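A lone chain, given as structure tokens: the form predicted on its own.
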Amino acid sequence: MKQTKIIMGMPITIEIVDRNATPDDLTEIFDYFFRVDKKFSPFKKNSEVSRINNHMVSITEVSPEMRQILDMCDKTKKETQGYFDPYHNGKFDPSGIVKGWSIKNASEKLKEKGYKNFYIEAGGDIQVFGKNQKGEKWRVGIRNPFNKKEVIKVIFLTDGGVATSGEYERGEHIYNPHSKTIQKEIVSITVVSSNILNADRFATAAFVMGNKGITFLEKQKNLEGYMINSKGVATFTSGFERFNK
């Protein structure tokens, strides 16, 4: 059972391979993503993020979910030496964490329902569990940043998260908080982890680091990366090749 809806301004796809999958369970997960969008979107006037930015609610008065995100933003900022920063021009935008966080939560909801083989994708960030319809590992393609219709690398996963940071969808939008500029050295970086939250948050930071991003990922436990620079040259971490089959 597979379905796609546009939420958070991007396509979200859920595919459950298990035969006992029900439309109601898919609807419940999509409803969760709608709630996340309503609370965390920096573009919705009445979202909690907008209320924080408009000084309508203080940091000490936020909801428990927002507190989770704020704490994760602080943790990620420290772990990445400040290359991940949810503040830009004085405005709070946790999008670099919320997407992966919400996919991870949605995956856990499906697991709680007893599902063992499924796939969730939101705007190119993916969490997979178990096997696909053919009983094989899930195949995840990395798109060519110079030709979005072309897949230049396919990786194979059973349980794991994949996030790609780059200029695929929104053009130049990821700023280096240290230099206050947009880095031009690399065009995309893909991170693979055991869960999509870690893949997502570190992909954003590693991209901002430019050529240093792949070295940063090499030093991290349980993270692998695949970087493409502005000249089209790919570099990957030492453990990345295990996803080749």
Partner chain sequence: MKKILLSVFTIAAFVVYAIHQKNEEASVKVVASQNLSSSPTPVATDTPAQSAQSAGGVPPTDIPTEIPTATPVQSGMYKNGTYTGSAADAFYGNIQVQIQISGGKISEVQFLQYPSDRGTSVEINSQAMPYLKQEAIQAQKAQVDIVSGATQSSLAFRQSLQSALDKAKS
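Keep in mind the model is a prediction, meaning the values are calculated, not measured. Residue numbers count along the first chain shown, from 1.
Same protein, other form: the form predicted in complex with its partner chain, not shown, and the subject of what follows.
Although the partner is absent here, residue 124 lies within 4.5 Å of its partner chain in the predicted bound form, judged by heavy atoms. In the predicted bound form, its partner chain sits within 4.5 Å of a heavy atom of residue 148. By the criterion of a heavy atom within 4.5 Å, residue 137 is counted among the residues contacting its partner chain in the predicted bound form. Using a 4.5 angstroms limit between non-hydrogen atoms, residue 115 is distant from its partner chain in the predicted bound form. Taken together, 184, 228 and 241 are fully in contact with its partner chain in the predicted bound form: each brings a heavy atom within 4.5 Å. Stretch-level contact analysis of 158 to 166, 67 to 75, 102 to 110, 80 to 88 against its partner chain in the predicted bound form, using heavy atoms and a 4.5 Å limit, identifies 158 to 166. In the predicted bound form, the residues of 214 to 233 lying within 4.5 Å of its partner chain by at least one heavy atom are, in order, 214, 215, 218, 226, 228, 230, 231, 232, 233.
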